[in-house]
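In the block that follows, a single chain appears as C-alpha cells, in the form predicted on its own.
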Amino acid sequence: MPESSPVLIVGAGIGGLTLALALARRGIDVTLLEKRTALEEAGAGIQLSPNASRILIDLGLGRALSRAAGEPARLAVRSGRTGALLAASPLGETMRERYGAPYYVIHRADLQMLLLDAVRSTARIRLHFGRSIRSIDRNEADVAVTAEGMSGAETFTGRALIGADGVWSKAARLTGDSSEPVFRGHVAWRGTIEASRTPPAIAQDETGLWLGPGAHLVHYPIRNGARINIVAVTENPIAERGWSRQGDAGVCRHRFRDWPEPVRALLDQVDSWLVWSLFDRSARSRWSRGRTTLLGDAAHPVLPFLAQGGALAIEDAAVLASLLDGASDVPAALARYEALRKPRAARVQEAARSNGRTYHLGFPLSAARDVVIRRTGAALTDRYSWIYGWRPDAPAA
C-alpha cells in the first residue's frame, strides 16, 4: 500500500477527530468512519489539562478553544460531611506559567463541534457518517474495512486502521480482542444549570470537589461561565451500559440528603440528569495487530476520578500521528506507539482508581485523608505534574 493511501479511523469522538486533524496536518490523508448519523454529544463538561490543551493549540485550535472554554481560578476541595474547605490549589494563570498551557474546562458539545468544524474544513479528511463497521480484513500490504450504511455496504482500504470507537469498541472485537470492560461499582450523574441559578455558597469561578462517604461531587463553569457543569458519583452495585439514560432527580437528591446545605441547594437546581455506569479495564494486553491499533477508551478506558480520559486520547493521537508520519513500516510504527503509550495509560488508570477509593472513604479513614489534604494545601495539584507536564516529544511517563 503506497504512502499516499489514507489512514482509516473508526469513531469520530474526541480522540478520533483529534487524530484525523493531527494526521492531516502532517500531510496524511484520512478516512473517518462514524456509526452515528450526526454528532450529538450529551450535555456535560470535560476538563482539558495542559497535557491535552497544548496539543489542541498546536493543531491550530487555540483561538476557538479560548472562545469556547474557561479557566477556573482554583481547585477547591471540601468535606462532604462538614462542608469545610480542606485545600485550595491555584489553576488559571498558575497552570499556564508552570506547564506552558492552560487548564481548560469546556462543554463536551463545544469541544466536539470545534473539532468537527476543523475536520470538515480540512481537504485531506473524508468523514463518513452513518457507517457501522461489519468486518476488517488485513494483509501485509493494506487493511480494508467493510461498513454498512443507508445505501448498503461499502469497503474502505488504507495503510492502517485505528479503532477510536470507545470502551465497547467494535474495532477491537473485529481485530481479535473480545474481552469486556469491567464495571467498577460506581454510577455518575451528569447535569448542568444556568450559572445564575448557582446557590450563593457555591463559587462560580472554581472547580469544586466535595468528598464524602461512598460518593463525591464535582462542579465547574462551562460555556464561558454561562453554565455550571455538575457530576455526582455514587456507589451502586447495578450496572447498565450506555452514556445517556435519564436519571431521577429525586434519587440523586436523596443520596446527598445528609450532605452540607450548599451541595443540597446545588442539586436542587438540576432539572435533568443523565446517568451512566462506570466501566474500565486494564490496558489491553495487545492493542496493535499488524496494520491495526486502538486509541483512547478503546485501548485503555479511564475512570473519571482524574479527569484524564479525554486527555489520554488526545495524547494518543499526537503520538500516533508523529509515528505514522513518513513511516515506511506501518506495523512497526503501530507497535512502537503501543509500547510508548501503554505504561503511561496504565499509570493514569491506576491513579484514577486510587482517587476513586480515596474520595469515597468513610469515617474514620476519611478524617486521616482530610488531614493529609489539609497539609498538602496549595500544592495539591503538584502531585500530578507527571500528568500535566507531559509533551508529545517527552519520554513516556
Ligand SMILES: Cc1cc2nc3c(=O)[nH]c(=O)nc-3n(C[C@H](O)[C@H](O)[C@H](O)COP(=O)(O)OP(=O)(O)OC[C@H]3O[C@@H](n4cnc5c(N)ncnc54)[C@H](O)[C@@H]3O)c2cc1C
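In this text, residue numbers run from 1 along the sequence as written. Only a predicted model underlies this, so the values are computations on that prediction, with no experimental measurement involved.
Just so it is clear, the following notes concern the form predicted in complex with the ligand, a form of the same protein that is not shown.
Undergrad: Taking the ligand as it sits in the model of the complex, is A20 in contact with it (heavy atom to heavy atom, 4.5 Å or less)?
TA: The answer is no: A20 has no heavy atom within 4.5 Å of the ligand.
Undergrad: Is Q246 one of the residues lying within 4.5 Å of the ligand in the model of the complex, judged by heavy atom distances?
TA: No.
Undergrad: Is the gap between I55 and the ligand in the model of the complex 4.5 Å or less for some heavy atom pair?
TA: Because no heavy atom of I55 falls inside 4.5 Å of the ligand in the model of the complex, the answer is no.
Undergrad: If you check in the model of the complex, is S196 within 4.5 Å of the ligand, heavy atoms only?
TA: Judged by the heavy-atom cut-off of 4.5 Å, S196 is well away from the ligand in the model of the complex.
Undergrad: Based on heavy atom distances of at most 4.5 Å to the ligand in the model of the complex, which listed stretch, 264-272, 89-97, 323-331, 288-296, is the contact stretch?
TA: Checking each option against the 4.5 Å cut-off leaves 288-296.
Undergrad: Which one, P304, G212, G208, P72, lies within 4.5 Å of the ligand in the model of the complex by heavy atoms?
TA: None of the others qualify; the residue that does is P304.
Undergrad: Of R36, R357, R26, R63, which one comes within 4.5 Å of the ligand in the model of the complex, counting heavy atoms only?
TA: It is R36.
Undergrad: Though the partner is not shown here, which residues of 10-33 have a heavy atom within 4.5 Å of the ligand in the model of the complex?
TA: Stretch hits, in order: V10, G11, A12, G13, I14, G15, G16, L33.
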